[in-house]
Ligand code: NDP
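Below, in structure tokens: the form predicted on its own, a single chain.
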């Protein structure tokens, strides 16, 4: 039997890699993990966590306006980016420390350096050391991608936002996915003049058409200058900012440009070619339903596989990997009916099929309602929310649920349990409403608004 330095070597210290390392170590395995950047990965350091804190920060201006409508004598106040950024970085430092402590307490050896594959069981570290492992888990995540165009480097990507010395007076956001739309809302709420260009007909491609349409309306109503069917042709740095020429015939100057034009798997320089692993079309590590590559000793989880790019999914994939490899219980990854939220303003929460997907599969009934919520109506705001259920006409199962509202992310987590369990429309109907709430509409819609 060959002798290895470790039973498992994990490349990548994001949420998925850290969870897999800790769980494998709990089985008694000898585990090591290499991370060339900060422990915690995209979600903790450059993604979900700092972004959500910025979402919170950006909402207070609107809260103060609403408070006056409710009788509070408040001034608007001013936002201090320097104060917020300092506290934000301190919180990220704290969270990174928590991740390191969790790994250390689990007995995982940490290498703060880049790792590269040199064989089915072999890893070369950037500091010159070489180690071996019975199993290798690739969990290197993904990174933002700039478009292929001249001077693209003058634009920011999402990783850069959290380190800005100061907020720009104006910014152009290029893209229409959830990252672009979330940062449009965040920066607009913090007082930045936001313009957004998206080449497609409507933002948030892949989400329910009715829901994404309402989000677009709300973004424009809040002051985001959103242009669909528009892309940039040229970009260049000039004395007074960044000059952008676009397909809508305009040339404008902005203080900053943010490219939110997609993410790619982090496989460059990983050494896949050295072990005969052929990456997929987008550079991803190709795996089967057990997260195993074509090299039996090597597995991959998370965004580097370009399956479902969500932190909780990477964690689940890591747990399934450990169950399969170290607990002797082959466990395929379940990617069905995953709830998710887009932290736009208002939020979009979704689980299951969109109306467009469902009607292509089987006859469906659509239950939906849109209304002004009590809190906003009293404050004189015109904001509307959407509650929507997609129901199979024959089985009566709820195939999809879509919510556009403040705190939609909190609501969809709970609705996701029911949809995952296979609840029917009648199960929803039998549930007593919690009144007065927005979410009660999910259990009080009696007649479909349309069938398909």
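Numbering follows the first chain given and starts at 1. If you're wondering where the values come from, they're calculated on a predicted model, not measured in any experiment.
Here the subject shifts to the form predicted in complex with this ligand, a form of this protein not shown in this document.
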If contact means any heavy atom within 4.5 Å, which of 275-283, 80-88, 95-103, 337-345 contacts this ligand in the predicted complex?
-> 337-345
Contact label in the predicted complex: residue 120 to this ligand, heavy atom within 4.5 Å = no
Flag residue 262 as yes or no: does it have a non-hydrogen atom within 4.5 angstroms of any non-hydrogen atom of this ligand in the predicted complex?
-> yes
Is there a heavy atom of residue 107 no more than 4.5 Å from a heavy atom of this ligand in the predicted complex?
-> no
At the 4.5 Å heavy atom threshold, is residue 309 in contact with this ligand in the predicted complex?
-> yes
Find the only residue in 325, 174, 215, 186 having a heavy atom within 4.5 Å of this ligand in the predicted complex.
-> 174
This ligand: the contacting residue among 229, 147, 169, 223 in the predicted complex [heavy atom, 4.5 Å] | 147
Looking in the predicted complex, is this ligand within 4.5 Å of a heavy atom from each of 114, 129 and 299?
-> no
Enumerate the residues of 187-224 that have a non-hydrogen atom within 4.5 Å of this ligand in the predicted complex, in sequence order, or give none.
-> 198, 199, 205
